[in-house]
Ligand code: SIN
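Below, in structure tokens: the form predicted on its own, a single chain.
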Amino acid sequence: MNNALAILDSMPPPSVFYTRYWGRLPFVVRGAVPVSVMQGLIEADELAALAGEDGVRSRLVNTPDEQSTWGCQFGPFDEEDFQTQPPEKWSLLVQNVEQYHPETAALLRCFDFSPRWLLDDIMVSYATPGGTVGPHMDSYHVFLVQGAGQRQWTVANAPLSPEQEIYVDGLDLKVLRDDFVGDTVTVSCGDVIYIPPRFAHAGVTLESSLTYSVGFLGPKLSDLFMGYGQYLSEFDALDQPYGAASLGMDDTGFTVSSEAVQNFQTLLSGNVNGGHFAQWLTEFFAGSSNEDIADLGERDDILSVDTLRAHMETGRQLIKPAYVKLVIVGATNGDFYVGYGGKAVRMDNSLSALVDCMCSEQAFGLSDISEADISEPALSMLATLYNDQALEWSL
């Protein structure tokens, strides 16, 4: 297999993306993001202001030279923090920008072919010439979208083995100690690099620039076990104690028999195979990936179904904002769960066309909904999602 960094003219179709690239090979697409989208993304001065807010995760990284070592400070930052920076070789990184800047969240629509339900966040970095966070490796999938300015990236042509994952000691950053073999490419505004997990990469800013990192992260197995266990603990009917009714002679004293071990495995797998697991999984992936960002809450001014219908009959349209993550998981009997803001709502198959309309992230009104979908359950569902801030009125 040729592991050279592929330079593509356009984003690969899903059939090619998932079979050839996803988790396997990096690639570059020139001009992948339209200018109209790039123009709406957060700019450097707005990013600096966002980094000054409490609760926003931000870092200032200084690139070492002959007289200094790596430097890393954590926000919030004030204007003096930026004024005292040197003219070159520093970077500002801000996490979860899609939650604070809706126009930047619109960038996600360029990656609808990806598993949006695995979205971690959009991290935005501003860097002066020579700015870098060093060679590093991520455990997630990332699309690096170049904004203003130019940046040079070196991307490994193979994933790092655990033995190669050695970092420089004593840093608040995970900077790889050793060099890696890879290809080097220079990107400009609108270019996109896809980097799979464990592929080392290093970027250096050639001129003051912005980079928008769209990351997709799968949960750890331990997170799944802990999350599901917490869910079970909230329902007495599901969180029953182990009855030990099937124990036998081999379980006397301090010995747990192989049959008892098998019974425990059956007990656990039986709960995972139950219908409540799909609901929990929907809620799990619909929740915020950042504990500092609260899940969607109910509006202060609740809208009734009749009022929502009246608004829509005047021609008003609803839209699902890009920063709201929807998660759709199949249930039993053709039903499905729709998750948002850490919640899950069970719906029957008759509402699937309406959910597709929301997933398009385009404004829709009564004229876009078939007569079969303009039912009391459908309008009640729209009112529920609007009242929970998963839908907004389109401007």
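Each residue number is its position in the shown sequence, starting from 1. These numbers come from a predicted model, not from an experiment.
The protein also exists as the form predicted together with the named molecule; that form is not presented, and the subsequent description refers to it.
Worksheet item: in the predicted bound form, which of the listed residues (L107, M123, L281, V155) lies with a heavy atom within 4.5 Å of the named molecule?
Response: Looking at L107, M123, L281, V155 one by one, just M123 meets the 4.5 Å heavy-atom criterion.
Practice prompt. Would you mind picking the one in K325, K320, H101, R151 that has a heavy atom within 4.5 Å of the named molecule in the predicted bound form?
Written response: Exactly one residue meets the criterion: R151.
Worksheet entry | Interface stretch in the predicted bound form with the named molecule - options 295 to 303, 161 to 169, 136 to 144, 185 to 193, non-hydrogen atom within 4.5 Å | Residues of 136 to 144 come within 4.5 Å of the partner.
Worksheet item: Would K89 sit within 4.5 Å of the named molecule in the predicted bound form, counting heavy atoms only?
Response: No, K89 is distant from the partner.
Worksheet item: Does any heavy atom of N96 come within 4.5 Å of a heavy atom of the named molecule in the predicted bound form?
Response: Residue-level check for N96: no, no contact with the named molecule.
Worksheet item: Would T211 show up as a contact with the named molecule in the predicted bound form if we use heavy atoms at 4.5 Å?
Response: Yes, T211 sits close enough to the named molecule in the predicted bound form that at least one of its heavy atoms falls within 4.5 Å.
Worksheet item: Counting only heavy atoms, which residues in 187 to 207 are within 4.5 Å of the named molecule in the predicted bound form?
Response: The one in contact is H201.
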